[in-house]
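Next up: just one chain, as structure tokens, the form predicted on its own.
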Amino acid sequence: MKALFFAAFAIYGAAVILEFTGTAFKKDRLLKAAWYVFLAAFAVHLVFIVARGIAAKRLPLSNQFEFANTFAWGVALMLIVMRPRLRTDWLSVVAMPATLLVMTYAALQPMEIKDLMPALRSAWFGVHIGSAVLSYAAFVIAGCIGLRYLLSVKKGSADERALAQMDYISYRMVAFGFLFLTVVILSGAIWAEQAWSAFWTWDPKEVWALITWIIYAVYLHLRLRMKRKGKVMAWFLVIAVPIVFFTFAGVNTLMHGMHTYG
């Protein structure tokens, strides 16, 4: 199975190189090749996830490697769903590297398959962690769109219609991610009460999940109530992504708590 993982990793890397080269030299053939190579990487990645789940006899989401691996797959999935439906070819140049970045983090984690801890053997396991994958992936894609927006403004390479599309799609991705992060927090509270007899324990992971939720709640407030759009909101999305990554990886690395195994 390691061969499958590293094959997917290498093919993602090839897609990123083709995408950067095609963008730099404005070669449509290279950009088209990058897209098909990325789809091939995604397919190999999916085969790896299924194979690992079969080998582990559970959802492959129980430790930092498995979550990071599925997180990367979720970012790729968001790009694959959005690009043809919304004609967002411009998103690939930032979303493909984001997928590779998360895959790189996963590659640095221990890959051995372990049995689930007793606290994780719950019907809430798939709901809680699966929602976190979708939520974080949506926030990363929103940040990628924000970055693309800022680069387009700086270079003057996009018209007002294209910028408005970026602004709107990023808002929809945040709304999607915010919904699933709410599911993460609520399902986690119910699960915690069942496992540890307390809905909230101020565990570092819980605290940073709440901080992330508040940050994106502020974004939605500014977007919906204050009618803020454009460059300021794009910056907001870009700056918020490191908070998502810290909640995902930094807490587990730097802080000890009940989610240290996650």
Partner chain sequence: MKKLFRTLRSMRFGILLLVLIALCSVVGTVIPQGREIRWYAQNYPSFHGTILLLRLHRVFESWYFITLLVLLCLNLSLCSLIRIRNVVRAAHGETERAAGLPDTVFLNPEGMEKLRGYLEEKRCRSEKLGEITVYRRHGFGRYGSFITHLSILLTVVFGALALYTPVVTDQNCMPGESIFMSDGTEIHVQDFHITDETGRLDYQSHIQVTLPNGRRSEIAELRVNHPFSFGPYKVFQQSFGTAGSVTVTNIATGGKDDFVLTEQSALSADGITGIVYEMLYPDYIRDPSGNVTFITVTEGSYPNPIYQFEVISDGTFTPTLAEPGDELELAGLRFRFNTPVEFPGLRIKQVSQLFNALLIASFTLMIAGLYITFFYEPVLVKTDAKGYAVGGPKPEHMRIELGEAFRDYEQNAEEETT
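Numbering follows the first chain given and starts at 1. Note that the structure is predicted; figures quoted are calculated from it, not measured.
The discussion below concerns the form predicted in complex with the partner chain, not included here.
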Want to guess which of 62 to 70, 32 to 40, 225 to 233, 46 to 54 is within 4.5 Å of the partner chain in the model of the complex, heavy atoms only?
225 to 233
Evaluate residue 154 for contact with the partner chain in the model of the complex, applying a 4.5 angstroms cut-off between non-hydrogen atoms, and reply yes or no.
no
Tell me, yes or no, whether residue 115 is in contact with the partner chain in the model of the complex, where a contact means a heavy atom of each within 4.5 Å.
yes
May I ask you to state whether residue 4 is within 4.5 Å of the partner chain in the model of the complex, using heavy atom distances?
no
Answer for residue 191 alone: is it within 4.5 Å of the partner chain in the model of the complex, judged on heavy atom distances?
yes
Select from the listed residues 183, 100, 80, 129 the one whose heavy atoms reach within 4.5 Å of the partner chain in the model of the complex.
183
Judged by heavy atom distances of 4.5 Å or less, which residues of 188 to 213 approach the partner chain in the model of the complex?
189, 190, 191, 193, 194, 195, 196, 197, 198, 199, 200, 202, 204, 207, 208, 211, 213
